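To begin, one chain is listed below as structure tokens, in the form predicted on its own.
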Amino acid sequence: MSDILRRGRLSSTPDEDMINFTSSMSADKWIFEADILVDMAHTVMLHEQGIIKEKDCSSILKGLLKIKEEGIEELDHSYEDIHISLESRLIDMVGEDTGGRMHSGRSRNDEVATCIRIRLRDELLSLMEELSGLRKTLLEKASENTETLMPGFTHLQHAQPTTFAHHLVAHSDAIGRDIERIIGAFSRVNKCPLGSAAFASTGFDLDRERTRSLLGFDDVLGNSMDAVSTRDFLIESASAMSNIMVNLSKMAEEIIIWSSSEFSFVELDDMYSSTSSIMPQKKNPDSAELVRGKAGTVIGSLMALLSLCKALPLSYNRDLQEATPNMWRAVETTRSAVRITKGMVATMKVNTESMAEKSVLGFTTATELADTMVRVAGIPFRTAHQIVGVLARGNGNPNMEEIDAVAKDVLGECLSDRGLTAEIVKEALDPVLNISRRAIIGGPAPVEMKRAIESRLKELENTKTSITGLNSSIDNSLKALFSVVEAYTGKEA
């Protein structure tokens, strides 16, 4: 292939060690197809603006289609990046007098920034769909367990009785916010830097709106210096993915704890479990442990991106080459973790009897008993809190006589004299009645949970419609691009 980059200003060729050190080819496989799209759109625009002839435009586009068909494997990987390797291959195919015109009015700086944004927006759209699938799975599992009792925890200590549905919807809501964050990040990713050249734009009369439209971007980045140098869209995306992984890690941690013999709340499907090489009885929640562990990989990618971008002067610096491998690592890890978590939740067995049995351990109905004293006996909550706190030192199932004895010490009178009865106490200590009283918005009462799940499923359908719209907008733009390419080449793009 032609040495099109170093033959002018530079007189020596780097050795193998230097080539390996500076090359981005291993990460550039992510943007090969995006680079073809960018080249096509830029070439079409160059002809429409009268910068290159139709014959040259047609030859370039035919060459690009051939390179696309051959795939990245056929490119010379000794070059420092995909862009120069691809352009060099094109020149070898159609000649420099034709192929050498493709890069008019363009730099690798705006080219690579555009390619990264194209690939990342596709990954974000796929991630939105996968997160939506996980959220739906959580809601479906919740709908099956609106009356499944379980202990709720604070500080990992038994706190109050709740339902498994209440717990799952909490995770669903967190995933819902994650989807919103990814949609927000997408809106800032889907802006076009192409036409900014190295950083000071170009003297060629480019039509940036035309390439923006052909490539399916929502807007152009208005300042050419900012357009080529900023990687804040990578930081924002990696941050949103780190948040996703934190939420998945929380779910994974609970699955790990719940599947232990001490809890026995759930059992993972065999597909998501492993066994021991020495202990034949073991069924280990390896999938959940790896989701928990891989959260560190994504968070590490975010930290790397922040460190790379810190204190870089405007505009482009080669340091930024190291940004994209971290982004792709975060993308790949997050998407796989979402899919695995969905599979674990969808297939896990829920041990409802064990959950119900442990829902009252640790005097989890203490709060309702204190609230009942306030409602029935008319005493201040803080006084009721003290009485129940003393009772909690006992067996966690106090009778009326024990309550009156403690109340006598604290208040100087019995609560039975204020209307509290053994039957009322029994109801307060019943976890089912306890939960059914918590029917306000956000509470675990079955009637409220059914309403909440239905509401969230409708919300999810609206989200899916929005995602479909984002996909359709890009697809329509690319169809328009391929149609133009076909008109110039007579070949289907």
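A residue's number is simply how far along the shown sequence it sits, counting from 1. Everything numeric in this text was worked out from a predicted model, so none of it was measured.
This next part talks about the form predicted together with ligand ARG, which is not shown.
Put simply, of S416, T137, N109, S213 only one has a heavy atom within 4.5 Å of ligand ARG in the predicted complex, and it is N109. With the partner removed from view, the residue among E267, E236, D371, D81 that has a non-hydrogen atom within 4.5 Å of ligand ARG in the predicted complex turns out to be D81.
The stretch from 336-344, 271-279, 236-244, 315-323 that comes within 4.5 Å of ligand ARG in the predicted complex, counting heavy atoms only, is 315-323.
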